[in-house]
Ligand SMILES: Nc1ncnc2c1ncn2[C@@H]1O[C@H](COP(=O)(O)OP(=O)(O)O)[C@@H](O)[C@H]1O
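There is one chain below, alone, in structure tokens, taken in the form predicted alone.
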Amino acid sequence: MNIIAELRDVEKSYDAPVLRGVNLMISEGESLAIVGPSGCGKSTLLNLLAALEPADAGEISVAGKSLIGLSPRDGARLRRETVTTIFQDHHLLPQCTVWENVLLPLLAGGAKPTADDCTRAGELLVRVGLAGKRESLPAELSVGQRQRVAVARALLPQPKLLLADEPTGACDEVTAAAIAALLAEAVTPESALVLVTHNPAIAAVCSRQMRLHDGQLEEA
């Protein structure tokens, strides 16, 4: 079983230490839930894995590539080709329809969506319960619906490493369970999911659970 991502002795501080000597290995085929209270550093951990911000110390590698000293251009390439993040704030383009937002990962890379891509996009909108909202703009959706569009968008390119930051936080209980199950089902033998949540029921869909406590990861 190959390792998709690894953190070794990773440190990160802002006004105070957030991550203190974090060690983690993420394998192909794995779905990992990281739990812990708000403000404990869960989102920071995902940002480091996505090369959105640098670690203060330690080593981080994704798909065999070290992220230490990674240039902005190479970081963007990593996020385009290997790592996709579902953010808490969804980051939909307000001028684009739901359909256009879902296809955005392909359009941003300069590719023209194929018939198979469009079929998969339609299927994902069905799975997140938004098949009837294809032509809607984000402003016409609820916060929970916008979050579900972001989930469909992240799943479309079938990334090697999917990072999900509280992806069900704005959803009702039934919808949250369905979205969490969809994320877990999307993991293939060659990919992995890291899901950050404070909800034990959502964490339970993953094959492995860890807790971030006092800046360090421990088995949950």
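Quick caveat, the model's predicted, so the values are computed rather than measured. Each residue number is its position in the shown sequence, starting from 1.
There is another form of the same protein, the form predicted together with the named molecule; it is not shown, and what comes next is about it.
*Of 55-63, 151-159, 30-38, 178-186, which is the one stretch near the named molecule in the model of the complex, taking non-hydrogen atoms within 4.5 angstroms as near?*
Only one stretch passes the 4.5 Å heavy-atom test: 30-38.
_Is V18 near the named molecule? Define near as a heavy atom within 4.5 Å, in the model of the complex._
The answer is yes: V18 has a heavy atom within 4.5 Å of the named molecule.
*Tell me, yes or no, whether S191 is in contact with the named molecule in the model of the complex, where a contact means a heavy atom of each within 4.5 Å.*
Result no; S191 lies far from the named molecule in the model of the complex.
*Counting only non-hydrogen atoms and a 4.5 angstroms cut-off, does T168 reach the named molecule in the model of the complex?*
Heavy-atom contact with the named molecule at 4.5 Å: absent for T168.
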